[in-house]
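What follows is a single chain, given as structure tokens, in the form predicted alone.
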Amino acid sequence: MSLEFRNVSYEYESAGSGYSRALDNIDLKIEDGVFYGLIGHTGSGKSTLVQHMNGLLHPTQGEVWCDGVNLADKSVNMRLLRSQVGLVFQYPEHQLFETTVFNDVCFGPRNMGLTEDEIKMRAEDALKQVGISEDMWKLSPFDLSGGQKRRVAIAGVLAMHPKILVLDEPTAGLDPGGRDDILDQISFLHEKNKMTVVLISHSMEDVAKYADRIVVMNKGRIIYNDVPMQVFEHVEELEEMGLSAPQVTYIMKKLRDKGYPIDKSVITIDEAVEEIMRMTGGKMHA
């Protein structure tokens, strides 16, 4: 399933100052089966962009196409679209409202008109996929920890069997362990289900580790859309936009500046360890 933005702009009414442009002539194609990292400073247009992906917002100008169909077409089944393009918001409590965890995850599949057996099967499978054990299924979702709420919110979307999973800062406010657990699970589901993923994140380390491609936004425009190695070569330009490269790239640059033959493509901690091991002949010194 592909999504394509064609010359998309979006304006919203700004109190006391007329209209403000949140998206400015966006051309972007979300390819099937790719893991995208979407980054940009606060107010760059990231959240506005992803809300166009399942029709929560509609362009002021331009078109959004899904599998060859213009989402502005009145014949588009928006309920079906939102089951295929699943959006998990930054704050999971905005998506959780049922009395139990299990009922919450059943909500989406039930709205799709599935049989009760299919609804139950999908909910059980989704909860297991995100690591929510059966002893928690009858609990109120509001009694869960922040990380557990994120998992349940993701399970509620996964139960609809989306072809595209869109996550807006899914690890915000979590400790490093909880963040890694959720992102590792999302990466596993991406690989297992061949699912397209669009991940909004402020963590350069996370997008460097997980994303196949990175889309950089600034002031409503797409500045870069490339593989992580190529994007993070533009360190100075990213810093001018209030962003940065992963911390390990700065360390590797300092080593190169001192004359060490460090590969410029190194952008993750694991790659840095391998590169230093290669450079030292497998010997690490304290």
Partner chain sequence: MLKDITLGQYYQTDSILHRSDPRVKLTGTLIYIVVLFVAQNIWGYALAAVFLAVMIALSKVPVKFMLKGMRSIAFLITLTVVFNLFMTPGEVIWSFYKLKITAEGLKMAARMAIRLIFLIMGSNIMTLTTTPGELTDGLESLLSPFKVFHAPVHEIAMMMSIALRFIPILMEETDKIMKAQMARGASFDEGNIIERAKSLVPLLVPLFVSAFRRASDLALAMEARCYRGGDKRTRMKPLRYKVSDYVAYGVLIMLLAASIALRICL
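Please read all numbers here as calculations on a predicted model, not as lab measurements. Positions refer to the first chain, counted from 1.
Keep in mind that the form predicted in complex with its partner chain is not shown, yet the notes after this line are about it.
Within 4.5 Å of some heavy atom of its partner chain in the model of the complex lies at least one heavy atom of residue 57.
With a 4.5 Å cutoff on heavy atoms, residue 95 counts as touching its partner chain in the model of the complex. With a 4.5 Å cutoff on heavy atoms, residue 79 counts as touching its partner chain in the model of the complex. In the model of the complex, at least one heavy atom of residue 107 sits within 4.5 Å of its partner chain. The stretch in contact with its partner chain in the model of the complex, judged by heavy atoms within 4.5 Å, is 97-105, chosen from 197-205, 120-128, 173-181, 97-105. A heavy atom within 4.5 Å of its partner chain in the model of the complex is found for exactly one of 216, 132, 160, 165: 160. With the partner removed from view, the residue among 61, 51, 225, 244 that has a non-hydrogen atom within 4.5 Å of its partner chain in the model of the complex turns out to be 51. Each of 13, 87 and 111 comes within 4.5 Å of its partner chain in the model of the complex, counting any heavy atom.
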